[in-house]
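The chain below stands alone and is given in structure tokens; this is the form predicted on its own.
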Amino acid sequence: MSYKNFPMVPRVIFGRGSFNQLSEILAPKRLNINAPFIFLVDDVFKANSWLTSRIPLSYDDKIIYVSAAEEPKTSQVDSLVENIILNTKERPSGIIGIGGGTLLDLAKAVAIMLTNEGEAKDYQGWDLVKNEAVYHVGIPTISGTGAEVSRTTVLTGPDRKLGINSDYTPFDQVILDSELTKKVPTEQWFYTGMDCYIHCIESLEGTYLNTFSQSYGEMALELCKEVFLDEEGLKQSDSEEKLMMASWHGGMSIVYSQVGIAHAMSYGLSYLLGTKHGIGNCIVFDQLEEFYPEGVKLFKQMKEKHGIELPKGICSELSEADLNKMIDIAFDLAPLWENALGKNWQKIMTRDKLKELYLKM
């Protein structure tokens, strides 16, 4: 039997206020004064001097503000890479992503595409990247996606939504400063946190489960329960730290296993309707009682506790062609279905069954 030999993030710093150490972390990594650090920053922070004034700029370093209103696209990666190449004297010393899963995925993809020829869409899939990425750092400002720890960068391409999944994708350095998550709006906090919760349920109940994944998944699941069900006794700062660690452990739980039905189906929603990943997972998971009875029951309790109303009827007006496209995209993710339902998954999840599920959303 051949075992997967996955890379992990080699360096991580954790703690409130650790963002202030960014300057000393980056200094030894600067190649020369003409090789800048490029900071890709969620544009919600444009007017937030509390964060932006602490970004350590020197020489030709640049901040590029990026909208996270839509899911990251391969075309967006290509235009960022072109912008960086045209506006820097030398290849950058590093790419630093500051934001949620969208910004972290973009930072990973840009770091890869600066050293690999062609377009980002050419690398959607498993182990297609040939050259090591430029040095890249991830600094999450919201918790749940696990993008800070994973070896994939999920992108919507011209034909499909699929990650650049490679040994060169993980960050070289991650800074986990839960203070950066303190102003996240409640709904966004919930949807992104549920991405982590759903990672855990899908990993722990999947056929790919092993002790490596299980140990991380169980830890992340417990932390999610504390944050989303028992938070009365938690200080805000403790809750932020626990969710940040849940995100890390949830991401680790799928490194050596896989996600499942909610993620496969939400890729279809995202590709066709532009539904953001976290909310898409929630909309799908809400309908999956048949497959994850305990997990969905707990999810509904969390939803009620935090007064979350999910959008309804988002697929009701779709044409037959649109529904078929969504089904094709979901079915393209065979490892997710096999993890959820076993090797004979196609006998259990037929096109009609999947269509019926989409029409409930």
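The first residue of the shown sequence is 1; numbering continues from there. All of these numbers come straight from a predicted model, not from anything done at the bench.
Unshown form predicted in complex with a further copy of the same chain; subsequent notes refer to it.
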One residue of Val134, Met219, Leu204, Leu272 in contact with a further copy of the same chain, assessed in the predicted bound form (non-hydrogen atom, 4.5 angstroms): Met219
The single option of Arg160, Lys242, Lys121, Lys276 touching a further copy of the same chain in the predicted bound form, heavy atom within 4.5 Å: Lys242
Should the three residues Phe45, Asn83 and Ile98 be counted as contacting a further copy of the same chain in the predicted bound form, with contact defined as a heavy atom within 4.5 Å for each? no
Stretch in contact, per heavy atom within 4.5 angstroms of a further copy of the same chain in the predicted bound form, of 247 to 255, 107 to 115, 84 to 92, 279 to 287: 247 to 255
Partner contact for Gly15 in the predicted bound form: a further copy of the same chain, 4.5 angstroms, heavy atom: yes
Distance check, Ser23 to a further copy of the same chain in the predicted bound form, heavy atom within 4.5 Å: no
Decide whether Gln214 counts as a contact residue for a further copy of the same chain in the predicted bound form under a heavy atom distance cut-off of 4.5 Å. yes
Contact between Val154 and a further copy of the same chain in the predicted bound form at 4.5 Å, heavy atoms? no
Checked 1 to 22 against a further copy of the same chain in the predicted bound form; residues with a heavy atom within 4.5 Å, sequence order, are Met1, Ser2, Tyr3, Lys4, Asn5, Phe6, Pro7, Met8, Val9, Pro10, Arg11, Val12, Ile13, Phe14, Gly15, Arg16, Gly17, Ser18, Gln21
